[in-house]
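Only one chain is shown below, in structure tokens, and it's the form predicted on its own.
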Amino acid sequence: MRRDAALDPDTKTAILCAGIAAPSADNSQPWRFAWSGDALDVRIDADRSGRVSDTRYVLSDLAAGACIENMVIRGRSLGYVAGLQWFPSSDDELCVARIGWRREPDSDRSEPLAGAIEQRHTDRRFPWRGPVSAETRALLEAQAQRISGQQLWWPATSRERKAALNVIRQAETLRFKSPALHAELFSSIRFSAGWRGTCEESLAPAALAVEPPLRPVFQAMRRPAVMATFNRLGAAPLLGWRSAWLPIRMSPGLCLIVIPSRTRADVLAGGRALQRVWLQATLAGLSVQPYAAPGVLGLGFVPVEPAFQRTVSRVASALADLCGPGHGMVFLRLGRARSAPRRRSGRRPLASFGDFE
């Protein structure tokens, strides 16, 4: 077979299906694809991006990086090598990559991470068992470093772990205190799916691992007036403690994806590293929950209300103290659950991601 042999329709479909299996903020799936022969353009979907926390497309770039890495891995497992061109059009900020595919019959088709693409998922339950061995940590670090400039940071002391817990808690608390972030958070939850159902896009309540006695309270908090009342009673710090501090404190592993700069190219590369680490963790039998709020807020692009700017500055400063040089982008809580989650977030039909022949 010639090295420049065209991709057949089944191969194109397999590559795209791997891409849409990637994680995205609140399961927004902000990707659009367009084939031109064997070249694939990857775009950010303007209708599913650009919300408050996605200012300058930070979350969409992370998701695009993870999506592209999945496709690169799947293509390699099928005998194709990807040629990547980042931001190919200077006047189109939504087009993040153009991928050319080259047939390599002698390439390593046993790409190990490919087997974890469909199994990877977010697990918000706790507690998890441990420990995360030094050998497993080394494997995760090696995957992050496969993407140039990316690295993993691990809290090495109790002081560092406490500082990491505090910065995550502060960022998660702000998601309930800030009216803009609160509205964004609850708009992504499809309460119509109920506490036992799933949905193809956004988050079903069942995926959030909220304890049954707290579900009516959590559902009521989607109303701004109710959340404001709860906040006057001190609810936001308690919610930050429950959603971040407690599950992380009870889990054996915590690491942080560190990118070299705040540029879009490095955020995109951070998404690629994130996906490789997550897939390796899946192969190692680890459960994973990401926390992106500290890194996203720490970039300084999110337009929160003036009353909360000081909190954002504290988050950014604390994050820099933890992992400088570079910028901490996404924390990963790691451990071993006793069983797989019963309900996982779905995906939209492939045809909804572009106009394909």
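Treat the numbers as computed from the prediction; the structure is a model and nothing was measured. Residue indices: 1-based, along the sequence shown.
A second form of this protein, the form predicted in complex with a small molecule, is not displayed here; the remarks below concern that form.
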Is there any non-hydrogen atom of residue 23 lying within 4.5 Å of the small molecule in the predicted bound form?
yes
Does any part of residue 274 reach within 4.5 Å of the small molecule in the predicted bound form? Heavy atoms only, please.
yes
Does any part of residue 59 reach within 4.5 Å of the small molecule in the predicted bound form? Heavy atoms only, please.
yes
Heavy atoms within 4.5 Å of the small molecule in the predicted bound form: does residue 291 have any?
yes
For the chain shown here without its partner, which stretch in 228-236, 115-123, 130-138, 152-160 has non-hydrogen atoms within 4.5 angstroms of the small molecule in the predicted bound form?
115-123
If you check 203, 255, 147, 181 against the small molecule in the predicted bound form, which one has a heavy atom within 4.5 Å?
203
